[in-house]
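The chain below stands alone, shown as structure tokens; this is the form predicted on its own.
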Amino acid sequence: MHVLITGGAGFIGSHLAEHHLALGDKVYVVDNLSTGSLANLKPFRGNPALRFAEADILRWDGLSEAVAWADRIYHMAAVVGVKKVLEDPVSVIATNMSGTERILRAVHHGGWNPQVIVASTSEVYGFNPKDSFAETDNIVLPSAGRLRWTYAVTKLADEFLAFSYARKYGLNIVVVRLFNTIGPNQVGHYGMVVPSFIKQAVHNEPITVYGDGEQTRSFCDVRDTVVALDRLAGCPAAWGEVVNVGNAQEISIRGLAELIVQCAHSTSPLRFISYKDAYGEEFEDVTHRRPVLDKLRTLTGFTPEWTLTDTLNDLIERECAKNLYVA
């Protein structure tokens, strides 16, 4: 199978590349390296089945050719991370919306109907008061803190673009709402909480918790995520649908920090700072984010293999090994 991955040098994209290369597929990665890194592709750059293009999806002149070549497309290219979104909302809008529309237009005009995964986010559920979110639940976004929600709004627009193209042109598209994916190669530069906490814990530094730490999240190992995406892309019953992808195990951010301290045998204290101090402006965060995964299980039979504790132990071990190597 020929697999095109936009944003393929990024965190999830590079794991998708590794997954499909291991299956014997040919993989074409495109990434502008703004948040992705060639280091993520280094373990398999010598694989003759991997092709890489450093290019911006908004201007890449090889897009039409690559789309026509592909049997499957994972559209993962996006500006991500709360800090990055607040720093440059214009780039978020351009990349996340115009990039998606350009991909879909190329698929429509390509003379071929590949399987397409369009990555959305659990952030689109916003402030829905329900304890857990199903795909049919209402989207509840506040009118205040507008830039904070730029990412969610652009991803919601991507969903409408995807469904519009799927309905009008019969394209084989699945929209996936990803819930807090974590795992190897994720970095904390743009506000990703798990790699930040682990680095602080391994160095016995204070762990910085934003707000009161009582907000909850559900974390899914990227090695589970890529399996779910692979199954959804190849599932005809999922085409034209939006599907939650994640792990329903829920934990508070304070509880996460305490668990990481315990797993790392760290002496790190917890340090609580306000959102305003963290982001430099007023910031409102959602109190919980847990997926209902019935639809994913019904369509694919998928259940996660990695527990949160297993993932954290693996990441702590990797961070410790990295520090020993540097020393």
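Note that the structure is a prediction, hence the values are computed from the model and not measured. In this text, residue numbers run from 1 along the sequence as written.
Unshown form predicted together with a small molecule; subsequent notes refer to it.
*Asks:* Is there any non-hydrogen atom of R290 lying within 4.5 Å of the small molecule in the predicted bound form?
*Replies:* No, R290 is distant from the partner.
*Asks:* Is it the case that S196, even though its partner is missing from this view, gets within 4.5 Å of the small molecule in the predicted bound form, heavy atoms only?
*Replies:* Although the small molecule is absent here, S196 would touch it in the predicted bound form, with heavy atoms inside 4.5 Å.
*Asks:* Even though the partner isn't displayed, in the predicted bound form is Q215 close enough to the small molecule, meaning a heavy atom within 4.5 Å?
*Replies:* Contact check for Q215: yes, within 4.5 Å of the small molecule in the predicted bound form.
*Asks:* With a 4.5 Å heavy atom cut-off, would you call N185 a contact of the small molecule in the predicted bound form?
*Replies:* No, no contact at 4.5 Å.
*Asks:* By the heavy atom within 4.5 Å rule, which residue out of Y275, W69, F52, F44 makes contact with the small molecule in the predicted bound form?
*Replies:* Selected residue: Y275.
*Asks:* Would you mind picking the one in E123, D224, D230, E159 that has a heavy atom within 4.5 Å of the small molecule in the predicted bound form?
*Replies:* The residue from E123, D224, D230, E159 that makes the contact is E123.
*Asks:* The chain here is shown without the small molecule. Which stretch in 242-250, 134-142, 207-215, 166-174 comes within 4.5 angstroms of it in the predicted bound form, by heavy atom distance?
*Replies:* Contact criterion met by 207-215 only.
*Asks:* Counting only heavy atoms and a 4.5 Å cut-off, does the small molecule in the predicted bound form sit next to every one of W60, E65 and L104?
*Replies:* Heavy-atom distance to the small molecule in the predicted bound form: none of the three under 4.5 Å.
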